[in-house]
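Only one chain is shown below, in structure tokens, and it's the form predicted on its own.
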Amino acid sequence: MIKDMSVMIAGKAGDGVLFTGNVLAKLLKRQGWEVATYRDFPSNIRGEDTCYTVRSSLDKIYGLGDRVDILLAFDCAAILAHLPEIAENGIVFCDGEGVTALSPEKTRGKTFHRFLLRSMAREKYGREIFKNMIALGALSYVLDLDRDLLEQIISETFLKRKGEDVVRTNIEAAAFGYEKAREMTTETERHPLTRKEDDDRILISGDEAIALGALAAGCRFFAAYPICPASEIWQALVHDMPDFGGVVVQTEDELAALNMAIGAAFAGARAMTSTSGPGASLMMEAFSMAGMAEVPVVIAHVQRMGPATGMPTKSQQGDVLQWIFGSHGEFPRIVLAPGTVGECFDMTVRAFNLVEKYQCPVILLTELDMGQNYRTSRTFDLSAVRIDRGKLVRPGELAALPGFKRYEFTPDGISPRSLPGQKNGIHVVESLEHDERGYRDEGLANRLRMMEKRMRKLDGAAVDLAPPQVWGFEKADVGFIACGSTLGAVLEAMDELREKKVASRFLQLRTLWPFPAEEVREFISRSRDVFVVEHNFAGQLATLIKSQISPCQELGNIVSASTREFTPRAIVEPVLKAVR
């Protein structure tokens, strides 16, 4: 019985690879399987190689595995590029052209189903694009996928946008592919998948989960400049925010986006922006403004591969230090790093409470792999959402005050906050150093007191932050530290190491700043070999750890600057080499 399977759809950008993968992911999810997807696509619109991997499992998964079991190849280049990734007993559905050029060594053990997808689609339906549905139909026969569910997904996808004729033709193309596969294969070449109940689960990307978390938390103003891979947050909120009485603004650049969000937050709205790569660099001036003015604004940063424009459609964790130590001057900030789509939702809700309670910017730091790819998740628990607006002074309380001081010196460093228009709550907000009422004051004594006030805000914040999560054995010689979407690869690497009699533990960092030094120090002290796993070249997370823990024992670095996601094998092999 198949319990875990990966299907790769590969072709050229513009071939409909993304669409085909999304339909397959929805189909497998509705058959009760856990699903994780991965898109590997170029930054141009058409013509270059692209692929989409859909992994499904009967057990919980958080990312991709080490192998591909089935390849749907829309051209010869896709076969040549990805055949080395196919498992020894894998299956290849291909257009047929160019397969004869492959050596027997490369094809041995693999099953090839050759049929001319493109020409069949042209001859029968007049357009090559229907090859996608023909291929899905053929795959449905081999895996005994539910055809009624497939037709339902096709209808949901096309009916409103394209109409009944397009729905009917796509269903016919899927049925045609199903029958073609029946003609071409033997019964022994079928691999029926188990069907389970699709209970209380959703298929969602990290970006979409952040958007839903923002709405649930009461965000009613969002400004952004569209930038890959954060644009899906903007796209989701453009669609849904008006239904909640909110506003979404597309700005001329990222600096304007954060400035607008600051203005909306000052006015009393729960406000947010999103960005990636060079957009984050543009925001740094306004980021410091939010720190000085103590305005509560949330920033979602979805990391991509840099520097500069870099490779905007590839994932990486190359901006970890930017939001922790970036900007000019010093001021408090909170940096959260979700590791699952469920945490993307939960931490977004948490971010809006933190930002108002501590009156400093909060950054949700994720990456393309988490942001744009889909994972199955339990339905989000809206009943658990709580709203905490911090020291927001109500009108009745303002009337009783002898004089409102927006930046009042308080023991915890957090001052009372009023909204524009509230009687007796008038105050000045600007980017210059200021006194308790907000008026410019560059005096030495005031400067020192204000810096101390701002910087002690987070002294007691640990109770509200997302604590590190420990996975694995209570006692183990091998320890891992990581954050974000490397979670899945680390967890599966731990399973493989256990099979090889190597016990391990894993500290998932969910708050990067303020840095959880005590928890990290304790974790490191209990493991002989500690490896920091991160998707960048220089080891930024390891650098952060060493900067905050002194003395710090030697840490092993497992880093990757690859355009591909981390896989379990990339972790297991260096660990075994180091400990044996």
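Since this is a predicted model, take the numbers as computed values, not measurements. Heads up: residue numbers just count along the shown sequence, starting at 1.
Omitted from view is the form predicted together with another copy of the chain, to which the following refers.
Novice: Quick one: of 311, 184, 193, 80, which gets a non-hydrogen atom within 4.5 angstroms of another copy of the chain in the predicted bound form?
Specialist: Comparing distances to another copy of the chain in the predicted bound form, the residue within 4.5 Å is 311.
Novice: Select from the listed residues 431, 469, 111, 119 the one whose heavy atoms reach within 4.5 Å of another copy of the chain in the predicted bound form.
Specialist: Partner contact (heavy atom, 4.5 Å) among the options: 431.
Novice: Within 4.5 Å, heavy atoms only, one stretch in 484-492, 159-167, 87-95, 314-322 touches another copy of the chain in the predicted bound form. Which?
Specialist: Heavy-atom contact with the partner occurs in 314-322.
Novice: Indicate whether the candidate residues 63, 464 and 558 are all in contact with another copy of the chain in the predicted bound form, with contact defined as any heavy atom within 4.5 Å.
Specialist: Zero of three within 4.5 Å in the predicted bound form.
Novice: Applying a 4.5 Å heavy atom distance criterion, does residue 48 contact another copy of the chain in the predicted bound form?
Specialist: Yes, residue 48 lies within 4.5 Å of another copy of the chain in the predicted bound form.
Novice: Taking another copy of the chain as it sits in the predicted bound form, is residue 525 in contact with it (heavy atom to heavy atom, 4.5 Å or less)?
Specialist: Contact check for residue 525: no, nothing within 4.5 Å of another copy of the chain in the predicted bound form.
Novice: Please run the contact check for residue 441 against another copy of the chain in the predicted bound form: heavy atoms, 4.5 angstroms, yes or no?
Specialist: Yes - in the predicted bound form, heavy atoms of residue 441 and another copy of the chain come within 4.5 Å of each other.
Novice: Since only the chain is shown here, I'm wondering whether residue 305 would be in contact with another copy of the chain in the predicted bound form (any heavy atom pair within 4.5 Å).
Specialist: Contact check for residue 305: yes, within 4.5 Å of another copy of the chain in the predicted bound form.
Novice: In sequence order, which positions of 444-459 have a non-hydrogen atom within 4.5 Å of another copy of the chain in the predicted bound form?
Specialist: Counting only heavy atoms within 4.5 Å of another copy of the chain in the predicted bound form, the contacting residues of 444-459 are 444, 447, 448, 451, 452, 454, 455.
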